[in-house]
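Take a look at this one chain, the form predicted on its own, written out in structure tokens.
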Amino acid sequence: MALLEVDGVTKQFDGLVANQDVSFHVEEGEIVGLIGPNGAGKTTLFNCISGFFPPTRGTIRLDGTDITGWAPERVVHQGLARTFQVVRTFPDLTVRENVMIGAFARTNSTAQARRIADELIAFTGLASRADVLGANLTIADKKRVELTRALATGPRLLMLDEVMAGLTPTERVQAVELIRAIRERGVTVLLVEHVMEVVMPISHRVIVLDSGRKIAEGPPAAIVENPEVIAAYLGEKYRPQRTGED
């Protein structure tokens, strides 16, 4: 049984169909990339899975439990956490306090929440920034705080929405190393990402959306050779080079 099962999910806003009959699964221990052009429906699908939008049709299961239409806080308690495309840190709270908010999803003890936060802040490389207010952080640090706060909820599945956006090449390398380290801690990862040089090497499988539909799924090596994916999203840069005479 897969950790996450998305079965025939459709999300419609009045006359606009943002997701149409999308099905895929994520196995425990995988890193799975979700890619596609702007407007493909990636974030809408994330919102349906994480409880921010109820799907119009379809079923979402987490470790065999039907979580379709659950409220976001209930989904978090079931073991699924996410970050957002637009960074959402609390500007008047310190890094430690931001992360403690996530920890309160699994403890009512302030002392325990602080211990969880401090351990994860050290793990994600934010220990030197623990007492800095959210308002005074760089974009890279804000993204790392949001990721750390999501980890503090104790998820089995972590969903990352464009965690690399706005980062420098060096910061991207650091983020990739962190995602791999998160997986090594036993957390499964599903990520939306536009930086192909990042998502392709790190992902076990890649799912491609276009105009709300899934158009391809498979290992990265197969995805970059898929003519439909090249035409819809990747472009000629990723088309395999031919050798010899045609």
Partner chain sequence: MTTATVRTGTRPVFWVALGLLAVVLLALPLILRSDSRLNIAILVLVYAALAQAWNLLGGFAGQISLGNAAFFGLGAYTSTILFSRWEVTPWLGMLGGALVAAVFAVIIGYPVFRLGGHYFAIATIAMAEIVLTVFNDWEFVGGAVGLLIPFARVDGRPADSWYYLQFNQHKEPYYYIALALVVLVTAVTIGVSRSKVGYYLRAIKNDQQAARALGVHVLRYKLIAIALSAAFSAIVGTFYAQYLLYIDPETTMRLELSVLIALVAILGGVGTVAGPLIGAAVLIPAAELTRSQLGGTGNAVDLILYGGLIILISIFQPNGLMGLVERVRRRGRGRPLTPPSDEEALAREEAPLLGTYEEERG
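A quick note: this is a predicted structure, and the numbers were derived from the prediction, not measured. Numbering follows the first chain given and starts at 1.
Keep in mind that the form predicted together with the partner chain is missing from the display, and what follows is about it.
Using a 4.5 Å heavy atom cutoff, Phe90, Gly102 and Asp141 all lie near the partner chain in the predicted complex.
Although the partner is absent from this view, Glu97 contacts the partner chain in the predicted complex, with a non-hydrogen atom inside 4.5 angstroms. Remark: Glu177 counts among the residues lining the partner chain in the predicted complex, judged by a heavy atom distance of 4.5 Å or less. Contact check for Glu73: a non-hydrogen atom falls within 4.5 Å of the partner chain in the predicted complex. The partner chain in the predicted complex comes within 4.5 Å of no heavy atom belonging to Ala117.
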